[in-house]
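One chain is shown next in structure tokens, namely the form predicted alone.
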């Protein structure tokens, strides 16, 4: 059995059995190898912008799945793929701005795929804003820990979910939506995380709170001229405390 990190396992869980997967920037190819080995996707497509990572992927496939034939392609972003060729496109381990640029390079082509599973290393707020501008709906989010960091994983669809009977959102989600909208942080912290049992949500928010408190302390020590920044930092800390209160029984 191919072993995946917690981050890749969370990405794996967002892929439905039988879907054709495109792994953009595949690098070591462990995710598509696991998808194939566990029978979840029988025809994954792998791509990378550089020959080196593709050779690494090829070597890992030969080592872990001798005799298996994978579709490996060289090229930037979504350029190696035909429109609508994959049910789900994975873009993981890149900066949020780079992922946003990949999706924006040909917005019509991006919307031709079934959905995306995105794992930005940073700038997740910028990525969420760009997704909205491009006509994508964020349908799920998750958190995963790897290398001492807590990573955000975003599932997005190019069309809103099908309309049906209205389902009442969990109270925690509704409260988070209200607080995040009022605090101007809805693009940075997804309210969807408050509607599910996400064990890393509290420690992730606590890390953000420690950072905000440390910033406030530095600004307070700096003295005159920093009042506006100090007020903003304290408001952010207060928002994070309110969000943590939602999670407490």
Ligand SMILES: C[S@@+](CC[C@H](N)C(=O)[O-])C[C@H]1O[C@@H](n2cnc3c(N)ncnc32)[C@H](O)[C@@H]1O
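Residue numbers count along the first chain shown, from 1. Since the model is a prediction, treat every value here as computed from it, not as a measurement.
Although it is not shown, the form predicted together with the ligand is what the next lines describe.
Check: Is every one of 185, 235 and 242 in contact with the ligand in the model of the complex, taking contact as a heavy atom within 4.5 Å?
Finding: Not one of the three qualifies.
Next item on the list: Identify which of 50, 210, 63, 42 has a heavy atom within 4.5 Å of the ligand in the model of the complex; exactly one of them does.
Entry: Answer to the contact question: 50.
Margin query: Just to be sure I understand the contacts: of 131, 151, 179, 102, which is the one whose heavy atoms reach within 4.5 angstroms of the ligand in the model of the complex?
Written below: None of the others qualify; the residue that does is 102.
Notebook entry, point to check: If contact means any heavy atom within 4.5 Å, which of 136-144, 68-76, 123-131, 110-118 contacts the ligand in the model of the complex?
Noted result: Within 4.5 Å of the partner lies stretch 68-76.
Next item on the list: Considering only heavy atoms, tell me if residue 26 and the ligand come within 4.5 Å of each other in the model of the complex.
Entry: Close contact exists here: in the model of the complex, residue 26 approaches the ligand to within 4.5 Å, heavy atoms only.
Check: Is residue 86 close enough to the ligand in the model of the complex to count, meaning some heavy atom within 4.5 Å?
Finding: Close contact is absent here: in the model of the complex, residue 86 is far from the ligand, nothing within 4.5 Å, heavy atoms only.
Margin query: Would you classify residue 156 as touching the ligand in the model of the complex, given a 4.5 Å non-hydrogen atom cut-off?
Written below: No, residue 156 sits far enough from the ligand in the model of the complex that none of its heavy atoms falls within 4.5 Å.
Next item on the list: Look up in the model of the complex whether residue 98 has a non-hydrogen atom within 4.5 angstroms of the ligand, and give yes or no.
Entry: Residue 98 belongs to the contact set for the ligand.
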